[in-house]
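Next up: just one chain, as C-alpha cells, the form predicted alone.
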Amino acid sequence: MSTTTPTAITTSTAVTTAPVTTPSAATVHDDECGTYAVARDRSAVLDALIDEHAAEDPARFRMLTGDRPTGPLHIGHYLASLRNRVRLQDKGVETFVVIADFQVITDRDSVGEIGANVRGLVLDYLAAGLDPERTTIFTHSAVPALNQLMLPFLSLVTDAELRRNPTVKDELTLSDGRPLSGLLLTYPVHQAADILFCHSRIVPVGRDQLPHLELTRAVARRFNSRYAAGHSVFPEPEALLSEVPLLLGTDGTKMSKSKGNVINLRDTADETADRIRAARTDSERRITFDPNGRPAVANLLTIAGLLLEEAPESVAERIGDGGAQALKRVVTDAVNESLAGHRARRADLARDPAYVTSVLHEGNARANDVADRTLATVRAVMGMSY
C-alpha cells in the first residue's frame, strides 16, 4: 500500500483574511449557508473527479470514514454512509474505515459490549460489500502511532476553538452540569488524527460534520506551517457531502441507537415490521410528502424512496388515500426486500467468526504500517528522530 502523500485534488478555493467584526444572527446564518453552498459545489466537482480518475489513481482520492461501536448499525447508517462507501470503493477509491473504539468513552462511562459491537460492525461492512482486499478496516486501539499524533496536533488548536465545535457545544448543553471530560473536549483533534494519519484526501460527511473537517484542515495547514517550514506533510482533506437528507427515528425525533427508535440492519423481517408498525405518523388519510408540515410521514416516504430509488413524492402519490397503514406496509416491504441480501450475507459471515477476526487483524496490520510511517515522518520533521 502506498503511504506517500497523494497528488493534490484541485477543488479548493482561495482563503482571504478579513477584518474581525461582530456578526448579527442573520449574518451568521448567511455565512453558514454560503459556506455550505461552497462545500456542496466543491463536493460535486470532487465526485466528478472520482468518476473520471479514481480507477487509474486510487491514492489521489484516499478516503477515511468510520463509526463508533456503540451498538448495531441501523438503516440511517446504511442509507447515509454504508452504501456510499461501497460505491466509492467500487469506483477505485483507496478506502480506510476506522472502528473508533476509543471514541466510545468520549461521552459515556464504560465501553459496554464493545467486543460484540466491533464484530457486529465488521459483519455489516462485509455484508454490505466492503472488500477487505481493497478497504482497510481497523480499530483505534490497535494503532498506537495514530493516537500518538494527537500530542503534536493538540499544540495546534486552542481551548476556545475546541469549545466552539458544535459536537462539544451540544454535549455541554445536554450534560446537566456534568464535567466535560478531556477526551470529549479533544474529540475533534482525535478525529483529525484519524483523517490525517493515512493522508486521507476525501472524507464523506453530512452538513453538521463540516466544522470537524474544517478543524482537521486547520490542523494540517498549521502543522505544515509551524513544523514543516511550509512543506506539505499533510494534505488538507476535502468534504464529500452526503446527498441523503437527515433521517428521523420511528418516533419522529432524531434517529439514535440510545433512543431505540431505529431499524437495525441485523433485525429480522418481523422485527422490522414491528418497528415500522409502531412508527409515528398522523391522522390524515391522504399521504402527501410535506417535510415541514408532516415530518414523520415525510420521513417514512423518504426511507422508502431511497430504497426503491424513487422520489418520495412519487411514493406518496402511489399510496394516495391508503393512509398510514398502507404507507407503513410500503416502507416495510421496501426495507425488508432491500436488506434481504445483506441480512443473508451477514448471517453466513457470522457463522465464521475466525474470518471476521482475520479481517480485523489484517486491517490493523495495514493501518499500523501506514501510521508508523506517518509518525516517523512527523518526528523527523519536528527534529525528534533520536
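A quick note: this is a predicted structure, and the numbers were derived from the prediction, not measured. Just count from 1 along the sequence shown to find any residue number.
Beyond what is shown, the protein has a form predicted in complex with a small molecule; the following relates to that form.
Peer 1: Would you please decide whether Asp67 lies within 4.5 angstroms of the small molecule in the predicted bound form, comparing each non-hydrogen atom pair?
Peer 2: Yes, contact at 4.5 Å.
Peer 1: Indicate whether the small molecule has at least one heavy atom within 4.5 Å of a heavy atom of Gly120 in the predicted bound form.
Peer 2: The answer is no: Gly120 has no heavy atom within 4.5 Å of the small molecule.
Peer 1: Hey, in the predicted bound form, does Lys257 get a heavy atom within 4.5 angstroms of the small molecule?
Peer 2: Answer yes; at least one heavy atom of Lys257 falls within 4.5 Å of the small molecule in the predicted bound form.
Peer 1: Can you check whether His77 is within 4.5 Å of the small molecule in the predicted bound form, heavy atom basis?
Peer 2: Looking in the predicted bound form, residue contacts with the small molecule include His77, since a heavy atom lies within 4.5 Å.
Peer 1: Heavy atom within 4.5 Å of the small molecule in the predicted bound form: which of Ala142, Leu247, Leu156, Leu162?
Peer 2: The residue from Ala142, Leu247, Leu156, Leu162 that makes the contact is Leu247.
Peer 1: Consider the chain as shown here, without its partner, and state which of Arg87, Arg108, Arg277, Arg226 has a heavy atom within 4.5 Å of the small molecule in the predicted bound form.
Peer 2: None of the others qualify; the residue that does is Arg108.
Peer 1: Would you mind picking out the stretch of 230-238, 69-77, 263-271, 91-99 that comes within 4.5 angstroms of the small molecule in the predicted bound form, counting non-hydrogen atoms?
Peer 2: Looking at the partner contacts, the answer comes out as 69-77.
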